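Below sits a lone chain in structure tokens, taken as the form predicted alone.
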Amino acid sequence: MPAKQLSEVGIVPSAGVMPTPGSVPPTWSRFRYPQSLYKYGALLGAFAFIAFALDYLKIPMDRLPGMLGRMGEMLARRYFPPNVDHILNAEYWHTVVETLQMSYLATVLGIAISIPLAWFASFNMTPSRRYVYPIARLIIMACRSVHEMIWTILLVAILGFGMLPGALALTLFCIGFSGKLFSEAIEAIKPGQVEAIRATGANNLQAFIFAVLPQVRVAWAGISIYTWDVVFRAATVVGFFGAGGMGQYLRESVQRVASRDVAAILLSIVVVVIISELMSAWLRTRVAKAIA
């Protein structure tokens, strides 16, 4: 039977069937009916759920095509051109420095707390899977479950306005963010080095220092830099809720309905975040080359 007819019935040609000269033999695979049925059934169910959600939430689909045009018209009428002179003053740049300080302090404190928590919350290296592991996991999940803005609102209500509630809110956010990534990096290590260190009579702390840290140091360095990048982005807006920094300057402009001032502040936030992104990418590359 020719190869074309074999392919139509789903039979893979044997090694004895030679292709025609000058042609590349295709790679045939048998059609598997049950797996394809499950795949297409899952896709159909996903599309059906999307249609149900759109109908249940009463989303007006007819208004979406003209949304971008109306948004562009509003931005051009109210927010353009940005009042750049509003951000070219010493007071505003002082808030930028405050935001950098707040994000740096929160990152250092959060990572310092996340390192032992990640050790306790890693299933393969925790000192106690029955007691320590669930408590450490609960702390990390609690910090991750609440958004940093909610933490800011709660801490501002308790501690009052200022940089302290913002730094504490970002620290809690950092614990949840970096703690989860640190623990997952520990759970992905190779157990051979740990078993070799423990065979010498080392305790849990010594096994963690001499067998775990050498395997996760590159990953942890990249995670730490990325955590600072994420925390800095969050720090630019926590001040909107009374925690100081650039966000507080933005809040004052919004309350005065100074749209062009708001546009200038948002533009400066975008520029500062882009610079921090470039810096974090450069640092991750340098650290990976230095440690590897």
Partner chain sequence: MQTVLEVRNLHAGYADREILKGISFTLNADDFFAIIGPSGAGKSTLIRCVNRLVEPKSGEVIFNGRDMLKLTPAELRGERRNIGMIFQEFNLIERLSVMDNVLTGRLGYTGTFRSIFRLYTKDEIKQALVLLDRVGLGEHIDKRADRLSGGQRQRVGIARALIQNPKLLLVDEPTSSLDPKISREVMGLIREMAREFHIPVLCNIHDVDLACDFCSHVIGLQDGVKKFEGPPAKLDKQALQEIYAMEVL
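Residue numbers count along the first chain shown, from 1. Here the structure is a predicted model, which is why all the values come from computation and not from measurement.
Heads up, the form predicted together with the partner chain isn't pictured, but that's what we're talking about next.
Contact with the partner chain in the model of the complex, defined as a heavy atom within 4.5 Å, is made by all three of G192, R198 and A211.
At a distance threshold of 4.5 angstroms between non-hydrogen atoms, S128 is out of contact with the partner chain in the model of the complex.
A residue is said to contact a partner when one of its heavy atoms sits within 4.5 Å of a partner heavy atom; R137 fails this definition for the partner chain in the model of the complex, lying far away. Using a 4.5 angstroms threshold between heavy atoms, L205 counts as touching the partner chain in the model of the complex. Though the partner is left out of this view, R217 does reach within 4.5 Å of the partner chain in the model of the complex, counting heavy atoms only.
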